[in-house]
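Shown next as structure tokens: one chain only, the form predicted alone.
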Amino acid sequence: MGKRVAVVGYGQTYQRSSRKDVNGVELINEAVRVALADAELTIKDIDAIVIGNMDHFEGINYVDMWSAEGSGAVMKPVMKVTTGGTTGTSVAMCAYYHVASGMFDKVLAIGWEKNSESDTTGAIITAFHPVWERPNLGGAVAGLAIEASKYMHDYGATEKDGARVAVRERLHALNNPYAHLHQEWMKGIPPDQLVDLIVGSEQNQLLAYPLRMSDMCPRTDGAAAVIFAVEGKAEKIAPIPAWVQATANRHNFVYAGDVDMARNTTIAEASQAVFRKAGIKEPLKQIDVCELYLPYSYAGLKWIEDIGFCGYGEGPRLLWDGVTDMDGEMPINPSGGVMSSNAIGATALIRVGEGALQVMGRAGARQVNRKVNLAFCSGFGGCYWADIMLLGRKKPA
């Protein structure tokens, strides 16, 4: 049996469309300094470092080596992890397992991206099979549009349902000073009215039916860092550590054409594995808050069904009933989520960091209005790759 491990520190940069004031090393260092200060540690206290980003997007490899002065990895063990959009959660899981194994006491996990200096669409296109897939999946938007269209066809969901997810995420982001998108004009307007305004706007450009600009995440420059510590050390660092209850990972497909557009089977299987490990029978009732990797609006309908928070076709009802809002039964993405900030390599790690803040009760204006015993954090990427990390107040058995 592995050792028990907790998140004890978290830091992120302000997420912005472009950070021309810093290079990659400096951007990484910003997040590292904030995380160390949060845990009241110095880089000398860190035993090892795990780092990752979407190097395929930027065409810059070996981040584990050239960023050493920014990450603090000089003369320390350093490992690089890159798994597409899930990079951040994969980095977190790698750090967690290295501590749980007993190899290290404290490991620093770092995710980062400078999307302003990359070609996301070009990179995604060239990642697909050149004959069978590239002509049909010209970037992320097209594949997600297929999934959204399938969901609408199967369950009668509408563009308004997708817009309601976008409204929730952007309203939550207004409480998060680090979020990239701050749509101040939304303040004070009821969600139902905001949905009508968004759907009816001529400026809300159609990208690939049914997806419009408002349905998609931004391209962001930013970095994040999370510190994992072993039992016995964690309690001395953090007044309320966020203990890792369970993790799971699924990457079932090689080709995008193999993906079942009717179900996100990878996130379904990973979620069920975590629930079994943690003894969760009723996820909607037992989980207090979620930080989900939702790169576009319809994922906020369909994927919560795949996870098991409700039955198939019931996502819109949960949404419109306010269950997933800040003051709802199970708030989703109090931080504003991926649809408000998407520095890809950092994005899923931010989900873990934000979930930890909720457990610790230190999320500030974005803290939910209840004691958080369990926070469910997810990552998504690649050919429907899924990572899940469950954090909680109590040490796991």
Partner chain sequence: MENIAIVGVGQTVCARRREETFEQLVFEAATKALADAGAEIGDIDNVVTVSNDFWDGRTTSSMAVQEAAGGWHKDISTVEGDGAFGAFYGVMRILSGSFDTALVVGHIKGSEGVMNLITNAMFDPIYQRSLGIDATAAAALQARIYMQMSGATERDFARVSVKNHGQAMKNPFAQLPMKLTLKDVLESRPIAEPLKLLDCSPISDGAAAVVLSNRRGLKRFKKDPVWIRGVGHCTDAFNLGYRDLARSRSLGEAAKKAYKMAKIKDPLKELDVAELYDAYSYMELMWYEGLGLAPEGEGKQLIREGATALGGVLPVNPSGGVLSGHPVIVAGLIRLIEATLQVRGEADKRQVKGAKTALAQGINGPCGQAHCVFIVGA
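Since this is a predicted model, take the numbers as computed values, not measurements. Residue numbers count along the first chain shown, from 1.
Another form exists, predicted together with the partner chain; not displayed. Remarks below refer to it.
Against the partner chain in the predicted bound form, the set Y62, F104 and G382 is in full contact: each member has a heavy atom within 4.5 Å. Contact with the partner chain in the predicted bound form, judged as any non-hydrogen atom within 4.5 angstroms, is confined among 171-179, 244-252, 322-330, 192-200 to 244-252. Although the partner is absent here, G84 is a contact residue: one of its heavy atoms lies within 4.5 angstroms of the partner chain in the predicted bound form. The partner chain is not drawn, but in the predicted bound form it has no heavy atom within 4.5 Å of V368. By the criterion of a heavy atom within 4.5 Å, S90 is counted among the residues contacting the partner chain in the predicted bound form. A residue is said to contact a partner when one of its heavy atoms sits within 4.5 Å of a partner heavy atom; D258 meets this definition for the partner chain in the predicted bound form.
Contact annotation: of the candidates L284, A268, A278, M79, the single residue with a non-hydrogen atom within 4.5 angstroms of the partner chain in the predicted bound form is M79. Interface residue among A234, C290, L318, A73, judged by heavy atoms within 4.5 Å of the partner chain in the predicted bound form: A73.
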